[in-house]
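First, one chain by itself in structure tokens, the form predicted alone.
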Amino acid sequence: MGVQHSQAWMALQKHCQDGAGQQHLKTLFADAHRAEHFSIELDELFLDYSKNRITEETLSLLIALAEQQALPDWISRLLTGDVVNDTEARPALHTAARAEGEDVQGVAAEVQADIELQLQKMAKIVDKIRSGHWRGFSGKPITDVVNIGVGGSDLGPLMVTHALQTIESPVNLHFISSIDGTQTSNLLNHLNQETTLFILASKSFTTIDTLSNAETAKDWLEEKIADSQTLLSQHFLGVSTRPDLMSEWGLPEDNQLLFWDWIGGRYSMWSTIGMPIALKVGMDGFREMLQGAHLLDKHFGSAPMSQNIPVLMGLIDIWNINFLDIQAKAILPYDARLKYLPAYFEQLVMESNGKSVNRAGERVGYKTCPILWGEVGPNAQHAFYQLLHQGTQSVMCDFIAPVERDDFKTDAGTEKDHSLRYQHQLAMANCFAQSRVLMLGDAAIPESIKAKFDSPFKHYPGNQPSNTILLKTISPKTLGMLVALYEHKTFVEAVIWEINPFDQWGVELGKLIAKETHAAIKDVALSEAFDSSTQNLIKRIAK
């Protein structure tokens, strides 16, 4: 039948058509207590969702939809390790990778020993590198570590290490993901073979992008290192689900870290793929990140739906997408340390829910995943905010910011620089002002200057829905909470849409066709089986 024909869905459609879909946010804020009613706090994370076009009745109908779709049962299945990835017949156990003791049940509990074994092995390697005891071929300690990966093996560690840049680390971290060679060559020109270690991170250990960059790194090391065994044992680590392929590539067992096929690539930073994060903040800091995520997991599994942060955010997205017809979402962090957060969430959300077929293999008759994009707020304000304020499309926005900045203070607790405090206040002022204007439009303009805006070119319709998420600080713990929140919000949406968020067959097809096309570039005769456009493009490259 499809969820769009269900009783709960049709009740929401009627609610929307009866006027809820046309209401303006400035009218809803006639209720002086609205912000208090539509906000929620969990530990060091605060969500204000009052700037969405919802009422208590809207939320009640959305929760009825969630109950109809058996969301509580699906949450339990996810957290205990039932098979929720049905096209690949396996669980999605990323929550188990950050679980603790008695809080774990089912299959998730059974894998704890394997997880801990790898975390302890990772801890030994991390401590050896950070203490300067891991030496390169000439006996000098490693000073630079390069993570070679792509997608989930790159974006998560890159995002988190950049976000935690104010935490001092004894090693310099670098990331290579681009296959075109520019990123690799530019980086290697500034590194020293004697003191550089590479992490080869690939779930399948067959990804052509990653292996190509690894071969380039190996060639670069061979300029100075004649012995291949020394090169591999002292300058390479591997992280993968395939120990057989890591060994075949030449990596000794002591240099191999494992994770498992029940952790999807876009969820893998909680596993040994998070090695660069541990190198940045130490193993204690890495475990703090896991604990932050686990705190959110427990909340997701136990809080009633009306007080459940991922459930509320997911259901509000459903309302915006399927009933208000808003098909785009902007991620807007107001702290430059969160520069890579939009790109990380783009992969998490669009690779998970960018599906048009439900779990029964039938094409869906409704919109699923929104188009996600974003940028650090101050830069975005001078770029695409014009569209948000005066464009023809509605866009949902998530504003994300830290309340405090620990790096403004010395170890003694005194403030380093008053100008930094002023800049942070200015960033927060911009964050709150932008969400207010997107909500109220012209109504946000002070009476004293309204006459200057009496022009069709200076009209601001407002009514753009948004969430504001405040973190106490940017720390391993709060980043763990934030990422877990978006993971679970994405899962909530998938349950409502009746799709599997844990496979990515579109990505797999792209990899397969790329290999076939690469073969045709090396042997142009093979391109004769392709379409005329691809043939012509290959022939131009071949020349």
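Nothing here was measured: the structure is a model prediction, and the numbers come from that model. Sequential numbering from 1, following the sequence displayed.
Keep in mind that the form predicted in complex with 6-O-phosphono-beta-D-fructofuranose (F6P) is missing from the display, and what follows is about it.
Enquirer: Pick from Leu42, Val507, Ala35, Ala64: which has a non-hydrogen atom within 4.5 Å of 6-O-phosphono-beta-D-fructofuranose (F6P) in the model of the complex?
Expert: By the 4.5 Å heavy-atom cutoff, the listed residue in contact is Val507.
Enquirer: Considering non-hydrogen atoms and a 4.5 Å limit, which listed residue (Ile125, Val150, Ile326, Val281) is close to 6-O-phosphono-beta-D-fructofuranose (F6P) in the model of the complex?
Expert: Looking at the other structure, the residue within range turns out to be Val150.
Enquirer: Heavy atoms within 4.5 Å of 6-O-phosphono-beta-D-fructofuranose (F6P) in the model of the complex: which stretch in 386-394, 85-93, 312-320, 260-268 meets that?
Expert: So the stretch in question is 260-268.
Enquirer: Does 6-O-phosphono-beta-D-fructofuranose (F6P) get within 4.5 angstroms of any non-hydrogen atom of Lys203 in the model of the complex?
Expert: Yes, Lys203 is a contact residue.
Enquirer: With heavy atoms only and a cut-off of 4.5 Å, decide whether Glu351 touches 6-O-phosphono-beta-D-fructofuranose (F6P) in the model of the complex.
Expert: Glu351: contacts 6-O-phosphono-beta-D-fructofuranose (F6P) in the model of the complex.
Enquirer: May I ask you to check whether Lys26 falls inside a 4.5 Å heavy atom distance of 6-O-phosphono-beta-D-fructofuranose (F6P) in the model of the complex?
Expert: Close contact is absent here: in the model of the complex, Lys26 is far from 6-O-phosphono-beta-D-fructofuranose (F6P), nothing within 4.5 Å, heavy atoms only.
Enquirer: Tell me, yes or no, whether His518 is in contact with 6-O-phosphono-beta-D-fructofuranose (F6P) in the model of the complex, where a contact means a heavy atom of each within 4.5 Å.
Expert: No, His518 is distant from the partner.
Enquirer: Heavy atoms within 4.5 Å of 6-O-phosphono-beta-D-fructofuranose (F6P) in the model of the complex is the criterion; list the residues of 19-41 that meet it.
Expert: If the 4.5 Å heavy-atom criterion is applied to 6-O-phosphono-beta-D-fructofuranose (F6P) in the model of the complex, 19-41 yields nothing.
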